[in-house]
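Single chain ahead, by itself, as C-alpha coordinates, in the form predicted alone.
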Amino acid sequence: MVTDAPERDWSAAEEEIMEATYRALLEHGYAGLSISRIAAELGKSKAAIYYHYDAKDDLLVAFLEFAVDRFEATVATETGDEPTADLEHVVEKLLPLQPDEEQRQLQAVLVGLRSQAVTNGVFREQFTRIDERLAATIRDIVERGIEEGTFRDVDPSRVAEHILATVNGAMYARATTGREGAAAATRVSIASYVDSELRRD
(Lines give C-alpha, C1' and ligand atoms only; values in the text may rest on other atoms or scores of the structure.)
Protein backbone atom coordinates (compact mmCIF):
# COMPACT_ATOMS: atom_id res chain seq x y z
CA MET A 1 0.00 0.00 0.00
CA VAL A 2 1.30 3.44 -0.89
CA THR A 3 0.26 6.41 1.24
CA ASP A 4 1.06 10.10 1.19
CA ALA A 5 2.89 9.95 4.53
CA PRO A 6 5.09 7.26 6.07
CA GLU A 7 3.88 5.46 9.14
CA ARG A 8 5.43 6.95 12.27
CA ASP A 9 7.65 4.85 14.52
CA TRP A 10 5.84 5.13 17.86
CA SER A 11 7.82 4.59 21.05
CA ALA A 12 6.37 2.48 23.87
CA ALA A 13 5.86 5.63 25.97
CA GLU A 14 4.01 7.38 23.14
CA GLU A 15 1.77 4.37 22.57
CA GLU A 16 0.87 4.33 26.28
CA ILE A 17 -0.04 8.03 26.08
CA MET A 18 -2.14 7.44 22.97
CA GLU A 19 -4.06 4.61 24.64
CA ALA A 20 -4.62 6.78 27.71
CA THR A 21 -5.83 9.64 25.49
CA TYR A 22 -8.28 7.30 23.80
CA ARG A 23 -9.72 6.14 27.13
CA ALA A 24 -9.99 9.72 28.39
CA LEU A 25 -11.75 10.82 25.20
CA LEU A 26 -14.27 8.00 25.55
CA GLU A 27 -15.04 8.99 29.11
CA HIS A 28 -14.94 12.78 28.91
CA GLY A 29 -15.24 13.76 25.24
CA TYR A 30 -13.23 16.57 23.65
CA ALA A 31 -14.83 19.32 25.73
CA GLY A 32 -14.02 17.60 29.01
CA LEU A 33 -10.58 16.37 28.02
CA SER A 34 -7.53 17.69 29.88
CA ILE A 35 -3.91 16.73 30.36
CA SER A 36 -4.77 15.96 33.99
CA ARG A 37 -7.42 13.43 32.95
CA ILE A 38 -5.11 11.84 30.42
CA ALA A 39 -2.41 11.60 33.08
CA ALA A 40 -4.92 9.93 35.41
CA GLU A 41 -5.68 7.33 32.75
CA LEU A 42 -1.96 6.90 32.16
CA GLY A 43 -1.22 6.51 35.85
CA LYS A 44 1.64 9.01 35.65
CA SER A 45 2.24 12.70 36.23
CA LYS A 46 1.38 15.42 33.75
CA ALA A 47 5.12 15.98 33.32
CA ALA A 48 5.37 12.57 31.64
CA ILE A 49 2.97 13.81 28.97
CA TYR A 50 4.47 17.28 28.62
CA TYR A 51 7.85 15.63 28.01
CA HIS A 52 6.44 14.44 24.66
CA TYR A 53 3.73 17.04 23.83
CA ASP A 54 3.60 20.78 24.43
CA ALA A 55 -0.19 21.08 24.76
CA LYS A 56 -3.45 19.14 24.58
CA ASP A 57 -4.08 19.92 20.92
CA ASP A 58 -0.53 18.81 20.01
CA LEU A 59 -1.27 15.51 21.72
CA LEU A 60 -4.61 15.16 19.92
CA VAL A 61 -3.03 15.79 16.52
CA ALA A 62 -0.60 12.97 17.34
CA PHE A 63 -3.52 10.81 18.47
CA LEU A 64 -5.21 11.24 15.08
CA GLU A 65 -2.01 10.18 13.34
CA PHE A 66 -1.78 7.20 15.70
CA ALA A 67 -5.37 6.17 14.93
CA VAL A 68 -4.90 6.27 11.16
CA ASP A 69 -1.57 4.42 11.41
CA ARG A 70 -3.37 1.66 13.31
CA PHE A 71 -6.11 1.53 10.68
CA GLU A 72 -3.67 1.39 7.77
CA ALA A 73 -1.61 -1.32 9.47
CA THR A 74 -4.76 -3.44 9.80
CA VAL A 75 -5.73 -2.92 6.17
CA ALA A 76 -2.21 -3.66 4.92
CA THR A 77 -2.09 -6.87 6.95
CA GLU A 78 -5.50 -8.19 5.94
CA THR A 79 -5.74 -7.32 2.24
CA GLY A 80 -4.57 -9.74 -0.44
CA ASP A 81 -4.20 -9.95 -4.20
CA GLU A 82 -7.85 -9.60 -5.30
CA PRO A 83 -8.73 -5.93 -5.89
CA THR A 84 -12.51 -6.39 -5.59
CA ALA A 85 -12.20 -8.21 -2.26
CA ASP A 86 -9.61 -5.70 -1.04
CA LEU A 87 -11.90 -2.79 -1.85
CA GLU A 88 -14.77 -4.46 -0.01
CA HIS A 89 -12.45 -5.05 2.94
CA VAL A 90 -11.48 -1.38 3.18
CA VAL A 91 -15.12 -0.29 3.04
CA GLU A 92 -15.98 -2.83 5.74
CA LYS A 93 -13.19 -1.49 7.95
CA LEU A 94 -14.34 2.10 7.48
CA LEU A 95 -18.06 1.37 7.71
CA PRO A 96 -18.71 -2.03 9.34
CA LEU A 97 -22.27 -3.34 9.00
CA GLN A 98 -22.31 -4.55 12.59
CA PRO A 99 -19.70 -2.54 14.49
CA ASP A 100 -18.70 -3.80 17.89
CA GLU A 101 -18.63 -1.45 20.86
CA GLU A 102 -14.98 -0.55 20.38
CA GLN A 103 -15.57 0.36 16.72
CA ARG A 104 -18.58 2.49 17.66
CA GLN A 105 -16.59 4.27 20.35
CA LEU A 106 -13.63 4.95 18.06
CA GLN A 107 -15.87 6.37 15.32
CA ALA A 108 -17.64 8.56 17.89
CA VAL A 109 -14.28 9.88 19.10
CA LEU A 110 -13.07 10.64 15.57
CA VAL A 111 -16.32 12.33 14.56
CA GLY A 112 -16.18 14.44 17.72
CA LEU A 113 -12.61 15.50 16.98
CA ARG A 114 -13.40 16.22 13.33
CA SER A 115 -16.03 18.73 14.39
CA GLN A 116 -13.21 20.79 15.91
CA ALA A 117 -11.59 21.09 12.48
CA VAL A 118 -14.25 23.63 11.51
CA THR A 119 -12.49 26.28 13.62
CA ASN A 120 -9.11 24.68 14.42
CA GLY A 121 -6.64 24.98 11.56
CA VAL A 122 -4.25 22.37 12.96
CA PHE A 123 -7.03 19.81 13.23
CA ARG A 124 -8.18 20.71 9.72
CA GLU A 125 -4.70 20.00 8.36
CA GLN A 126 -4.55 16.67 10.16
CA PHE A 127 -7.98 15.53 8.95
CA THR A 128 -7.03 16.64 5.44
CA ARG A 129 -3.99 14.37 5.65
CA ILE A 130 -6.10 11.52 7.03
CA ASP A 131 -8.62 11.76 4.19
CA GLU A 132 -5.82 12.02 1.64
CA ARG A 133 -4.21 8.86 3.02
CA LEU A 134 -7.51 6.96 3.01
CA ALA A 135 -8.27 8.13 -0.52
CA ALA A 136 -4.78 7.01 -1.58
CA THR A 137 -5.44 3.55 -0.12
CA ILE A 138 -8.63 3.20 -2.16
CA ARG A 139 -7.03 4.72 -5.26
CA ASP A 140 -4.13 2.26 -5.10
CA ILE A 141 -6.53 -0.69 -5.03
CA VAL A 142 -8.48 0.67 -8.00
CA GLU A 143 -5.28 1.29 -9.97
CA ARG A 144 -4.15 -2.27 -9.27
CA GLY A 145 -7.53 -3.56 -10.42
CA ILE A 146 -7.23 -1.63 -13.69
CA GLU A 147 -3.69 -2.90 -14.29
CA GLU A 148 -4.79 -6.50 -13.69
CA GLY A 149 -7.84 -6.17 -15.93
CA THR A 150 -10.34 -6.67 -13.09
CA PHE A 151 -11.66 -3.11 -13.25
CA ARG A 152 -12.59 -0.88 -16.16
CA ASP A 153 -10.30 1.95 -17.23
CA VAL A 154 -11.82 4.55 -14.91
CA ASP A 155 -10.38 7.58 -13.14
CA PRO A 156 -9.03 6.05 -9.89
CA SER A 157 -8.97 9.39 -8.06
CA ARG A 158 -12.60 10.15 -8.89
CA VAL A 159 -13.68 6.69 -7.74
CA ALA A 160 -11.67 6.97 -4.51
CA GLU A 161 -13.10 10.38 -3.65
CA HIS A 162 -16.66 9.19 -4.34
CA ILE A 163 -16.32 6.11 -2.14
CA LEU A 164 -14.60 8.01 0.69
CA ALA A 165 -17.15 10.82 0.67
CA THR A 166 -20.02 8.32 0.73
CA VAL A 167 -18.46 6.36 3.60
CA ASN A 168 -17.71 9.53 5.58
CA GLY A 169 -21.30 10.71 5.27
CA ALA A 170 -22.66 7.41 6.54
CA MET A 171 -20.10 7.33 9.35
CA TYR A 172 -21.20 10.75 10.59
CA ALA A 173 -24.86 9.76 10.36
CA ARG A 174 -24.21 6.63 12.43
CA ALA A 175 -22.28 8.57 15.09
CA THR A 176 -24.67 11.51 15.39
CA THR A 177 -28.15 10.10 14.72
CA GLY A 178 -30.25 7.05 15.49
CA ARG A 179 -30.62 6.10 11.80
CA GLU A 180 -29.15 2.62 12.11
CA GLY A 181 -30.31 1.53 8.66
CA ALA A 182 -28.38 4.29 6.88
CA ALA A 183 -25.05 2.47 7.05
CA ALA A 184 -26.46 -0.74 5.56
CA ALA A 185 -28.15 1.20 2.76
CA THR A 186 -24.89 3.00 2.06
CA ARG A 187 -23.01 -0.29 1.85
CA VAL A 188 -25.52 -1.59 -0.69
CA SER A 189 -25.16 1.64 -2.67
CA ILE A 190 -21.35 1.36 -2.71
CA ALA A 191 -21.54 -2.28 -3.82
CA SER A 192 -23.86 -1.28 -6.68
CA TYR A 193 -21.52 1.56 -7.61
CA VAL A 194 -18.54 -0.80 -7.75
CA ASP A 195 -20.51 -3.26 -9.89
CA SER A 196 -21.70 -0.64 -12.35
CA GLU A 197 -18.63 1.61 -12.52
CA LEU A 198 -15.68 -0.70 -11.98
CA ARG A 199 -16.27 -4.33 -12.73
CA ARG A 200 -15.91 -5.50 -16.28
CA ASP A 201 -18.91 -7.23 -17.88
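Every value quoted in this text rests on a predicted model; they were computed, and no experiment measured them. Position 1 is the first residue in the sequence shown; the rest follow in order.
There is another form of this protein, the form predicted in complex with another copy of the chain, and it is not shown here; the text below is about that form.
- Only one of the listed residues (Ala170, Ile35, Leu42, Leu59) places a non-hydrogen atom within 4.5 angstroms of another copy of the chain in the model of the complex, and that residue is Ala170.
- Only one of 44-52, 142-150, 61-69, 128-136 places residue heavy atoms within 4.5 angstroms of another copy of the chain in the model of the complex, namely 128-136.
- In the model of the complex, another copy of the chain sits within 4.5 Å of a heavy atom belonging to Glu161.
- Proximity of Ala165 to another copy of the chain in the model of the complex falls within the 4.5 Å heavy atom cutoff.
- Heavy atoms of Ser115 reach within 4.5 Å of another copy of the chain in the model of the complex, making it an interface residue.
- Contact check for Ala13: every heavy atom lies farther than 4.5 Å from another copy of the chain in the model of the complex.
- Shown without its partner, the chain has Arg158, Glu161, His162, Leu164, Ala165, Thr166, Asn168, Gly169, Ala170, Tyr172, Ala173, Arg174, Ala175, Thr176, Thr177, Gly178, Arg179, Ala182, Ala185, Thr186, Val188, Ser189, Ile190, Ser192, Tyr193, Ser196 in segment 157-196 as residues with a non-hydrogen atom within 4.5 angstroms of another copy of the chain in the model of the complex.
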